[in-house]
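First, one chain by itself in structure tokens, the form predicted on its own.
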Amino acid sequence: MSTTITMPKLGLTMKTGKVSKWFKAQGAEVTKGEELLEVETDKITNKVEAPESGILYRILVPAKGEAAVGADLAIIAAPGEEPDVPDVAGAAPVEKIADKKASPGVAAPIDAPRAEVSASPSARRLAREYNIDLALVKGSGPDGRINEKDVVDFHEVVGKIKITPLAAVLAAQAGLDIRSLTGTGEGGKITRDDVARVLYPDAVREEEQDAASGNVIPMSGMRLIIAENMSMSLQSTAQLTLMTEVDVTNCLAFLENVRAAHKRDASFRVSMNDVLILAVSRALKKFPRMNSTRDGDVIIMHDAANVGVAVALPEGLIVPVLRNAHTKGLERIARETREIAAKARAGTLDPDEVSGGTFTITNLGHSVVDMFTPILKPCETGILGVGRVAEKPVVINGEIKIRSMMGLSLTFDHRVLDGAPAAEFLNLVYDFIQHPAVMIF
């Protein structure tokens, strides 16, 4: 019985999704639980697993295609099953081998009209038993008629050929004799690329040259989301960045005291980033205009300080949101921040966990960067960039002392907030970090 894959609802606000890529080609075998496709929203990408084992019978929405939540994306069928394919309105046409022009000298795809194969009833029965396409068998009987011995001989030769299931399907669809193919896979196994190299040599050669040169990197998935969001942010806002350095010597001592107080709790961990979230969330409650988002000609000031924390991933950057940070103490902030960061790195965040932010913190403290100009997350009014902690000579009461200094860079939307209140907000964050005990009151 066939199974229909539908566009999943990955979050409460999700209405549509985009199929960024298929990990399996049409006609390939799939196993229940393996990653089948990647769905992209306007915030994150999520991998979707196959709900059942079988054959990926038909892809209804190809890569780069969009569909509403619940819409049919593909059909998984049992081997040999030919289910009815639903007509999905607006769906992009499914790319099949027949849609492509084969190279000169290559047999026409199986989807194209083909002459009836002449074969004896026993040859047909044996071909079905061995799952052999008779079009690939050369007949030795009168007028090329295929007999039982021809099928047996073909099976004995082909049965020794190593080929991946997907490559076998593609070769059969294109009418290719796999005995003529050279395998480049492990142990000489014929792969999908080997079949494509015969069918479309020019296209494959161009792709391989691009990949070898390293000159072409596809802009897709998370990288594309980041690019579009950053471009939209810079084009639609008036961004200004204020910078300062804060003395964190006392803050580092405070953190050491907190860790010492919890030294018997192996699960307890706290960092400078957690102090920053606490400081920012407290300051946002005193500066509601900074804790706002812009929607067209309307500025929406929020009661809750939902602080986004940028997490670097190999493929880009994602900003999970710590909701109601202003109501939480340092220990709870530390625990929940680690949890959402772990989910971000594991790729298990849903759209609701990366939406609804009112302010963002991005920390480059593990680099050699002192200060930088962070770019606003779309619709938010402010973002705080944090640089490394470095020991520097500082003049205190007329004396030069070595102190631990950290750079702060506040970017804000000048359309929503003027420079003076933005500077006051940064000054309050500065005071909270320099003297953490002040945040208790």
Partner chain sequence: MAKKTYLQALNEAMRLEMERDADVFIIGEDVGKFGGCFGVTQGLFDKFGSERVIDTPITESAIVGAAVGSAVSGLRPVAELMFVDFIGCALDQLFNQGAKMRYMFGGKAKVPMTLRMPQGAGVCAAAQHSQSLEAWFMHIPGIKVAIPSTPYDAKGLLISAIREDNPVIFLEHKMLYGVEGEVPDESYTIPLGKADVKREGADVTVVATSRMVHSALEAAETLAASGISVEVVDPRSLQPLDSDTIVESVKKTHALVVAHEAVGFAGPGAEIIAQVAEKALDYLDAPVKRVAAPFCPVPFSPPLEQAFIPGADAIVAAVKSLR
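Residue numbers count along the first chain shown, from 1. Take the two forms, superpose them, and find the largest set of C-alpha atoms that agree within 1.5 Å; that set is the rigid core. Just so we're clear, the structure is a prediction, and the values are computed from it rather than from any experiment.
One more form of this protein, predicted in complex with its partner chain, exists but is not displayed; see below.
Undergrad: Does at least one non-hydrogen atom of Glu148 fall within 4.5 angstroms of its partner chain in the model of the complex?
TA: Within the cut-off, so yes.
Undergrad: Can you tell me if Ser120 lies within 4.5 angstroms of its partner chain in the model of the complex, counting non-hydrogen atoms only?
TA: Although its partner chain is absent here, Ser120 would touch it in the model of the complex, with heavy atoms inside 4.5 Å.
Undergrad: Taking the shortest heavy atom distance, is Pro314 within 4.5 Å of its partner chain in the model of the complex?
TA: No - in the model of the complex, heavy atoms of Pro314 and its partner chain never come within 4.5 Å of each other.
Undergrad: Using a 4.5 angstroms cut-off on non-hydrogen atoms, would Lys162 count as touching its partner chain in the model of the complex?
TA: So Lys162 does not count as contacting its partner chain.
Undergrad: Do all of Arg125, Arg128 and Pro142 end up near its partner chain in the model of the complex, with near meaning a heavy atom within 4.5 Å?
TA: Contact check passed for all of Arg125, Arg128 and Pro142.
Undergrad: The chain here is shown without its partner chain. Which stretch in 250-258, 346-354, 148-156, 193-201 comes within 4.5 angstroms of it in the model of the complex, by heavy atom distance?
TA: Stretch with heavy atoms near the partner: 148-156.
Undergrad: Is Val319 one of the residues whose C-alpha moves 2 Å or more between the shown form and the other one after the core fit?
TA: Shift at Val319: below 2 Å after core fit.
Undergrad: Once everything's superposed on the core, is Arg125 shifted 2 Å or more at the Cα between the shown form and the other one?
TA: The answer is yes, as the C-alpha of Arg125 shifts between the shown form and the other one by 2 Å or more after core alignment.
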